[in-house]
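Given as structure tokens, the chain that follows is alone and in the form predicted on its own.
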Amino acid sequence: MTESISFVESFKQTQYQVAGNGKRNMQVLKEVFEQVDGQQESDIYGNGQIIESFQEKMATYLGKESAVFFPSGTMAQQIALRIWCDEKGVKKVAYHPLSHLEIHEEDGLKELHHIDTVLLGDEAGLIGLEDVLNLDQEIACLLLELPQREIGGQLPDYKTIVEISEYCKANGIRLHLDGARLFEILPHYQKSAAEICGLFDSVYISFYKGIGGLAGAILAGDKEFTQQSKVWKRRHGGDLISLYPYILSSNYYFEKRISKMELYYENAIELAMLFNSCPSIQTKPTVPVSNMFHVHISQPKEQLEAVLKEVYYKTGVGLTSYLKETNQSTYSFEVSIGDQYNSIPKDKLDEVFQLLKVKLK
């Protein structure tokens, strides 16, 4: 039965999935518009109450003077780094070797803005204070991603961020936060968003990851910075005539899910413990520091897919739709906990991991 369908299809046919907030289908937007007065005026080219009130709300939440709504984080972050480079007259920034800007944006920062990059730290680890102290090149800005997604969502201790912030301030280096998953790390640090953002000159946050909105991002900082970002947003074509579907969904799902971040974090710790109880499986980090982690399984791919398909078929619970090769004998996948995890009956979850323990021996 399981042999006749693909691995992806076997996942799609499961009744429950451990990760995420549900399917990204039209219902995501329909649910939002059910709450909206159809006569409400839309935003027009970056102006209007609907966008301005949301920007003010986010600026307050992040503890910043001002905030600007962008259609994408890719656009927002390239613009932030361009502004800081222009301010200092130095076309060079530093970030982690596995930063989104380095591996997922087709060299946009270099090709569009002619900004050179310094890759700081080791791919498998986090940027530490020593890495910053040992910088031998002048840079305009240092970007820190919290959490560092490509290595399982790892985080530095809070003291390290404070020390890096103080060093940058003392040495005329702007500090930018790639906070795509900022909301998700607040429970671990036991800090408010404003406390964390207070250590950075500029901050980007996403509304489609843990929040589960349609799309969209906020870029926040002081008023002079955000005014410049609006000019660059226009230059990048980011001022669509109206962005209200993204703004409304960002606000709606922010209100719906921001209070659940602690639950997602606790659920991630619980699920990682279950994975780590199985032979051949290790999570990174071992104990998650946000709602996300990576699962590494030391098994041949064909054998592993067959095991997972059987688990999916017998339990109706899907763990992942893909396997990424990390080396010749290990495959991995990412888990980001949202609303779906709590919908899985506990006996079903127990059955999943009992089967895995037997099949992976």
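All residue numbers are counted from 1 along the displayed sequence. The model shown is predicted, which means the values in this text are computed figures rather than measured ones.
Beyond what is shown, the protein has a form predicted together with another copy of the chain; the following relates to that form.
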- Interface residue in the predicted complex among Gln282, Thr117, Ser72, Asn251, criterion: non-hydrogen atom within 4.5 angstroms of another copy of the chain: Ser72
- Just one of Trp84, Phe183, Trp232, Tyr264 has a heavy atom within 4.5 Å of another copy of the chain in the predicted complex. Which one? Trp232
- Mark Lys324 yes when one of its heavy atoms lies within 4.5 Å of a heavy atom of another copy of the chain in the predicted complex, and no otherwise. no
- Does any heavy atom of His104 come within 4.5 Å of a heavy atom of another copy of the chain in the predicted complex? yes
- Item | Contact label in the predicted complex: Val311 to another copy of the chain, heavy atom within 4.5 Å | no
- Message: So, Leu243 and another copy of the chain: in the predicted complex, are they within 4.5 Å at any heavy atom pair?
- Response: yes
- Query: Do all of Gly38, Gln78 and Gly237 end up near another copy of the chain in the predicted complex, with near meaning a heavy atom within 4.5 Å?
  - Reply: yes
- Item | Proximity to another copy of the chain in the predicted complex (heavy atom, within 4.5 Å), stretch among 292-300, 330-338, 313-321, 39-47 | 39-47
- Item | Within 4.5 Å of another copy of the chain in the predicted complex: residues from 202-223 (heavy atom criterion) | Tyr208, Leu214, Ala215
